[in-house]
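Given next, in structure tokens, is a single chain: the form predicted alone.
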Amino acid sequence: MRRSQFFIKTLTEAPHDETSTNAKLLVRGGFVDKLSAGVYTLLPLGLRVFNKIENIIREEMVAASGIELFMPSLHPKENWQKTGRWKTWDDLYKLKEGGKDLALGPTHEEIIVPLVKKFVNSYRDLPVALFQFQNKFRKEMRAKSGLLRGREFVMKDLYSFHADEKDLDQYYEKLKKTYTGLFGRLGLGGKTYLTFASGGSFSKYSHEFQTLTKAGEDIIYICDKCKIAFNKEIIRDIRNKCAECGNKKLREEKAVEVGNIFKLKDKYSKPFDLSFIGKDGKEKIALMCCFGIGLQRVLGTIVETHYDERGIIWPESVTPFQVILIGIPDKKGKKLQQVCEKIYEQLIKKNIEVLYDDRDASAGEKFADADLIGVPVRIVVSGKTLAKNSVELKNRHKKTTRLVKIDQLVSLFK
């Protein structure tokens, strides 16, 4: 992609109404635009990152036997009355149309359960796991942390349905491992902990996946022996020690929740009478789990954990481009441009995602923009490098800069 043809605009300063690091850097880098508190437009550069996050999650859900579907955002009042949440859900956006009450979906239990009921009649129809990527709407009164806390956002939610608790438990443990690997692929491995949290009315504990960052609003206590953590809300219940090994030396950290998993059991299947005929010929209620990940929150968390004083440094798995190519014109202007064009075409042919800054701009402006955009690998072509028949190759992850011969450059990229 040529920079001159791409829809992108960087800013020299962060907007005054943004206080969080992720919002400042994403707005300055041309990734997002703020429409209102908690509502952001994903610009083309941000959408490239978002799509990579989504694709990684999708691959992991499919590998975990998930089947993708897409459910509506407009929900009838009757479904929410079935579960009693029409009156109790404080964040619910409600509207009227033709005399009927509707809700903008903040979650999809009220939709997925009656849907699955149409397909499940026998134990032979179970288990089944369905997932989607869908906009969620919540009246978030604390929308102040950029993409970490939004009013409109995309959630991946997977709902699994089971014939008995043994099958439910097995799948739950499977998804625990899946989530751990998934966050590793997103560049959050090593900083993300499986965290015990309150299970509400349907389970003693639920589990969150919390990523360590100073921007986090949650306090967690980490057991370095077990490599797990406990949310502050339950730490007194377990008497300030690890529920797994009894270790009392727990480390306090700030973190942000990037995913959560719940054993819902029959909390939502029972109100809709999602029943099936078991092996013994008796009617039984299906049991459920749910597994959620907020994509904008993941995007914001990646930024909060991958930046320096100059800008974002994207993990390789989600970087908008694999390489940024910069030409610094001087007296060898025509030859330099020809070399840049040749390198650009070679990278394209090798299916390397490259952003070529072909603008008529100063070296300082190009370098500052490259830092803000955060592509970790940078190729710089200048008169000095051409004198040595080379280019400068910079890796911001490894903090290395070296000269590479032009005829050897493309072969370095997989």
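Counting begins at 1, following the sequence as shown. Just so we're clear, the structure is a prediction, and the values are computed from it rather than from any experiment.
Not pictured, yet referred to below: the form predicted together with ligand ATP.
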Contacting member of R149, K263, H75, H306, with respect to ligand ATP in the predicted complex [4.5 Å, heavy atom]: R149
Listed residue (F153, Y221, F272, Y344) with a non-hydrogen atom within 4.5 angstroms of ligand ATP in the predicted complex: F153
Options 334-342, 76-84, 190-198, 287-295; stretch whose heavy atom lies within 4.5 Å of ligand ATP in the predicted complex: 287-295
4.5 Å heavy atom contact, E110 and ligand ATP in the predicted complex: no
Close approach of G259 to ligand ATP in the predicted complex, 4.5 Å, heavy atom: yes
Residue contact check: D101 to ligand ATP in the predicted complex, 4.5 Å heavy atom: no
Proximity of R138 to ligand ATP in the predicted complex, heavy atoms at 4.5 Å: yes
